[in-house]
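Before any questions on how it binds or moves, here is one chain, the form predicted alone, in structure tokens.
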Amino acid sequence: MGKERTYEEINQKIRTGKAVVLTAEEVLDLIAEKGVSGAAKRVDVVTTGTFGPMCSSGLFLNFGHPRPRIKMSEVYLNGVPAYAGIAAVDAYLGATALPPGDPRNRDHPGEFIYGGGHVIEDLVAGKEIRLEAHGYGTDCYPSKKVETSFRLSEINEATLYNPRNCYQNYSAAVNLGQKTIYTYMGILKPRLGNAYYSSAGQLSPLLNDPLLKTIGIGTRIFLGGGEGYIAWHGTQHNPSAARGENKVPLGPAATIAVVGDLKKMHWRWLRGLSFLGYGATLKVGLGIPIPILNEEIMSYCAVRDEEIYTQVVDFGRDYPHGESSELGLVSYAELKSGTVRICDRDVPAASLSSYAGAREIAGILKGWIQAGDFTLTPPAAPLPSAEAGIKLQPLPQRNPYPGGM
């Protein structure tokens, strides 16, 4: 397997400007030329990226105390509620939170013009935010109401903490029903009118380390345009999902919880989104460096879109009713071509995740490392992995889609 590298050896090369860093896209050409073994000898770090909607995201805020002090029990930021059941002047703003007056889906499909994700974008962009807070009054916190405006730089703390980001693969969505539906996977036309997917494929962080050999608690990452860390495994973390022979999962699998200082991030990589008929969310930019410790790690970074498959799921009936559907597997190469064959039909396909954004993030992270501004942190603890018990299945030679509707 060749010589093993250590994190410290790689970091010493980063500090001295000698590290060889390639993005997960760039390294594919080198592997094609030199093979996995040859590439592993040359490359120290591979950078990855993804930029897509991530609903399970949010922000912890500490506003500081007014005079007289207040114990906040209700908090509204630009009219969007934040959860205040933490401490006197702490709150958590969720990306999908909506103002009480939003019509939601009463006039279907609702527009969801402004929600928690938009507040986060406005905060990191330096815009002024309206704060309205209510309390019930105590001897130590006598105030009952505060109304003011503030900017991100003027409050004590703003910590982005996202409980579930960076899915390791995700299902492609279609609609076998007879009417248009509005989902978190976009607007799906009836009778297989279109398909949506959401992954950067060969650039996606957890697909370049499918068994989480180098990604764990404490891993330093690119988060929202600044630095962040993996804090824990994400909610809905499922490393036991079915995998292909290349050990890449064939549907939703691992996730990560991430944390970072919002004051050091950039609005370009944290964008509020409105999904017609569904709700508000946040588009998050995230990138992870993969240290090439050995040939095995490099072999995982050799994965290409044509070798990454995901399942196709019917959101018309099966998904909302919690029923399993088997519409077959499709590769990301096929999805990214813009047309995929399902049920003997050529179905237009589009991505909710930005591949151009993922490429840019991987490039930015590469630049930070090459400049010596970003060293790698070995995980303090591993994330839960089912490596010993995973079940591998052959990848399809052709797409096994059933015929008919």
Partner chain sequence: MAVKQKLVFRFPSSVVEQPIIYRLVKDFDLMVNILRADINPNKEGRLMLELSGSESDYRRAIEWLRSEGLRIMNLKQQIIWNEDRCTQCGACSVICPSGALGLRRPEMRVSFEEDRCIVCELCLKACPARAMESLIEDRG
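Residue numbers count along the first chain shown, from 1. This is a predicted model, so every value here is computed, not measured.
The protein also exists as the form predicted together with the partner chain; that form is not presented, and the subsequent description refers to it.
Asker: Given that the partner is absent here, does N62 sit within 4.5 Å of the partner chain in the predicted bound form, heavy atoms only?
Answerer: So N62 does not count as contacting the partner chain.
Asker: Using a 4.5 Å heavy atom cut-off, state whether L276 contacts the partner chain in the predicted bound form.
Answerer: Within the cut-off, so yes.
Asker: Do S37 and the partner chain come within 4.5 Å of each other in the predicted bound form, heavy atoms counted?
Answerer: S37 lies outside the contact set for the partner chain.
Asker: With the cut-off set at 4.5 Å between non-hydrogen atoms, does K263 touch the partner chain in the predicted bound form?
Answerer: Looking in the predicted bound form, residue contacts with the partner chain do not include K263, since no heavy atom lies within 4.5 Å.
Asker: Quick check for you: of 78-86, 316-324, 190-198, 153-161, which stretch puts a non-hydrogen atom within 4.5 Å of the partner chain in the predicted bound form?
Answerer: That would be stretch 190-198.
Asker: Work out which of A380, A356, A32, A371 lies within 4.5 Å of the partner chain in the predicted bound form, going by heavy atoms.
Answerer: Result of the distance check: A356.
Asker: Identify which of L352, L376, L28, I364 has a heavy atom within 4.5 Å of the partner chain in the predicted bound form; exactly one of them does.
Answerer: Of L352, L376, L28, I364, the residue with a heavy atom within 4.5 Å of the partner chain in the predicted bound form is L352.
Asker: Along 318-350, which positions have a non-hydrogen atom within 4.5 Å of the partner chain in the predicted bound form?
Answerer: Residues within 4.5 Å: K336, S337, G338, P348, A349, A350.
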